[in-house]
Every structure is written in structure tokens, then in C-alpha cells.
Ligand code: NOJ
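Only one chain comes next, encoded as C-alpha cells, the form predicted on its own.
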């Protein structure tokens, strides 16, 4: 049995990018009051937990992933009091709120870094990774920024140049480079304890845990991740002792490491394995989003029918079997770093994708706007370090009023431009249509809660999943309850035989699928872009 908070296995999360969600004060930027006002809407989707993207004080060189004060909400979003009010209002509804923790680096504007950059030795000198000379040259293992200040040293960034790496130590320090401090150095330990205290600060105020950005990036020279895993195991021990009802969620995309490290859950997304990319994200080879020059096969969830589901299954089943007693894997609809799942797809195709995601083990994550099929907007100029990611961060489309109901500000004052299409989807329009994507999401969430076999802890077994072939059929089971899930994202009709044990089926939800008896044999007949969930009778 997993050692996780009781509420986690029944969770469906909603990711809120606060800048783009709802502006309540007319400045063109979304705020915490906007999230509070939409809690009932989020709950209506079947989502009972929120992942709130960064809201702390920041110069916003990287949309808040460059923190300059971990203990204070940035004024663009409101105040600490507003965030506490969000916690309280969510809890009144039986909902949870997790914050985004950037643990591996800060902004160059953080007071710790400003002190660290001083030539005179002080408390913070070793809180970041500095070399012993301004002339130390970068290598692939230790990229460096030189000449930043009068300190005779170069510092190591964790991502952009303005995101200096906090010093969690080196698992295998180079003895010829004394600036590479071991993981048990007193200054390294001080950084680690400070990060734990920051978590305590927010959990004491009502936060229900954290999603940790770049969770694998902390300890350097750590090829087997031993040092990084050991640090997070220490954090998890703190959670278990002091905050047993709070969760620790990794952006690691390698569940075998993340869950061993003590995280309750890890996202399996677009790096470290090809699993997620094989499902949805190979389209970036056509729209120019992603790593230039990288070649991939076609996505399984593509009408072309040229995908290969085994590219996903071989990685997913390996990680699922290795971690099923430790925690959960999440396959999200998307996030703020990815093209929208709507790219190149119709609403019917999205319905098939969501039927798959809501039927898988682990915890579903819904990125704001994906429930109505918001589009990725190409060609937007970079905003706050977004570059190609900006097109997935445009304002939420609530209704047909001014600025799609996102803000009363003038259009030029908006955080980002709206989708310019006259056919852009909105919540209000889809609320009125029983067959809309929005109501499809609600129905899937209700099914997942009604049938525990579809939930986080149900077993997962592939019934039909062959290289280069369609459909994908899998079994979910918990106790005596068994549910058969069939998914055909391709435009082509497909038919497969079903074993006798699957001959007694009750439809839970389907589109374009029939079960036929042919010569005393049961066949599953699936039209193009179709899905079905069946309850199996013994």
C-alpha cells in the first residue's frame, strides 16, 4: 500500500497559470482573487486539487520561475493574505492547493544572491555555486557565467543566466576544484534547511504541498542521482513527520528515480523518456516548437495512424511496475511548457485523448483551458522568457464578452493577446452543449470517481497494443471490478477479436464503437477516432 495522503488517490488536479486565468482588478494580469472566484467552476470539472504556477515575488524573467522572495506573494497577484484566503476557500469546498516550488535556483535579484556576489566573504558566499576564479571556463558539466560582479569568481546557472544555481553540493566533487563543495558541507546544509523551512512556512499557512520545478537538478556531479535522491528523501521524512497530509510532486519525468526519492507523484512528460512524446507531442517537428533538429516518429494520437503505441508502453509499464507501491505517475493534458494538446487536432480527437488520460492509473492533470480545447497560438513574441511556450499561456476564454471575459483592461494591456480566431472556444458556449468537450471532461471525471477500477490505484494490463497497429485496448481492475478501455485515435476503422472473458460488456461511455458477434466470436469494431469504456461482467 502506498504511503500517501488519503486524499491523493481520489484527486484530479487543475493547473492554473495565474497570469492568464482571470483578472479581477482590470490591470490585464490574472490574480489570486480570480482563482478564488473560479473555484466552483474548477470543482464542477471534477477537479478537487489545484497546482498553482509561481506566484512569489519575482522580476519575471522566466514567468516567476526566477524567485526573489520565497515567502511573499508578488503584488501582481495580490498578497500573502489573498493566498491564505485561497487556501481557506478551497478547503471549504474539500479542495486542495499545491504551490510551485523552484528549489534549484533563484533570481539574480534575490537578496541571497546579491550578498553572495559580493567580493567580501559573508554568510551567503557559498549558498550559490561559485568557482575560485573569474577566469574559470565553462564546460558541458559546469556551465558558468563570468564577469557578473566584482567577486573574483564565476557562477553556475541552473537554466537561464539570471537563474543562479543554489548550492546543494556535489555528489562527486572534483578534488582539483575545491569550490565544488561536498553535499555535507555546512553551507550546503544551510541551503537545504532553508529550503525545508520555506516549505514549512507555506504549509503552516495552509498549502497542501508542492510541485517542485526541475526536481532532479539540485545536486551536481550526480550521475546516478544518489545525492539528489538522498536530499528529497530527507524532505519526505520531514513531510511524513510534520505534514503527513501534504504532498510532494516532482517535475522529474523519471518516476523510478522521483518516487524512490520520496515524491508522492511524478509527471511523465516530454523529457528523460520518449513515452509522453510518443503519445501526443511529436507534432512539434511540424510546427517548429521544441528542440531544433530533433527527429521523432509520429504521435500515436494522430489521425494519420502512423504512430507506434509500443514506444509509450515500453517505458510506461517499466516505470509503473517499478513504482506502483511507492506513489503515482501523472500523464497531464499539457502544461505551461508544452504546445497545447489541441495542436493539429479536432474536438473529437481531444475527446479520445481525454478518455485515455482519465482511464489511466495515477493522477490526471488538466491544464487550464484544455477542458474547452484552447489552441496554441503560434508566432507570438516572447514574454517573460516564454519564447515558443508563450502560445500555450494566452488568457482563459470564459465567454463572448470583452477580452473573452478574462479582463476589463484594454486589449493592449493584457498579459498576452487572446486567441484572435472568431471560432475560439469559450466556457459559456460549451456549458450549453451536452456533447461539448467541457461536458465530456465532467462525465469522465464522474466515471472515474464512480468506478474505482478507473482510479489511481487500479491495475493496468495491456490487452491489445502492437507495434505500429491500432487500437490500444487495456484492462483496469481493482478487486472484482474490471473495466475494458479501447482507444482508436487513427482515422481508419479497425476491428480486433476479443477473448471470451470479455464477451459480457456493459457500456459506460463510448463514441463510434460496437461489439459484434461474428461466427460465435466477439469482435470489437471501432470507427476512426473512437473510444469506449466497458464494465466487464464475470
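The structure displayed is predicted, hence computed values, not measured ones. Positions refer to the first chain, counted from 1.
Below, we turn to the form predicted together with the named molecule, even though it does not appear here.
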With the partner absent here, would 62, 65 and 105 each sit within 4.5 Å of the named molecule in the predicted complex, counting heavy atoms only? yes
Can residue 159 be called a contact residue for the named molecule in the predicted complex at 4.5 Å between heavy atoms? yes
Considering non-hydrogen atoms and a 4.5 Å limit, does the named molecule approach residue 337 in the predicted complex? yes
Would residue 222 show up as a contact with the named molecule in the predicted complex if we use heavy atoms at 4.5 Å? no
Residue contact check: residue 251 to the named molecule in the predicted complex, 4.5 Å heavy atom: yes
Choose one stretch from 386 to 394, 108 to 116, 311 to 319, 124 to 132: the one whose residues place a heavy atom within 4.5 angstroms of the named molecule in the predicted complex. 386 to 394
In the predicted complex, which of the listed residues (326, 191, 409, 214) lies with a heavy atom within 4.5 Å of the named molecule? 214
Among the candidates 180, 183, 163, 98, the residue which, in the predicted complex, approaches the named molecule to within 4.5 Å (heavy atoms): 163
If you look in the predicted complex, which residues in 302 to 328 sit within 4.5 Å of the named molecule (heavy atoms)? none
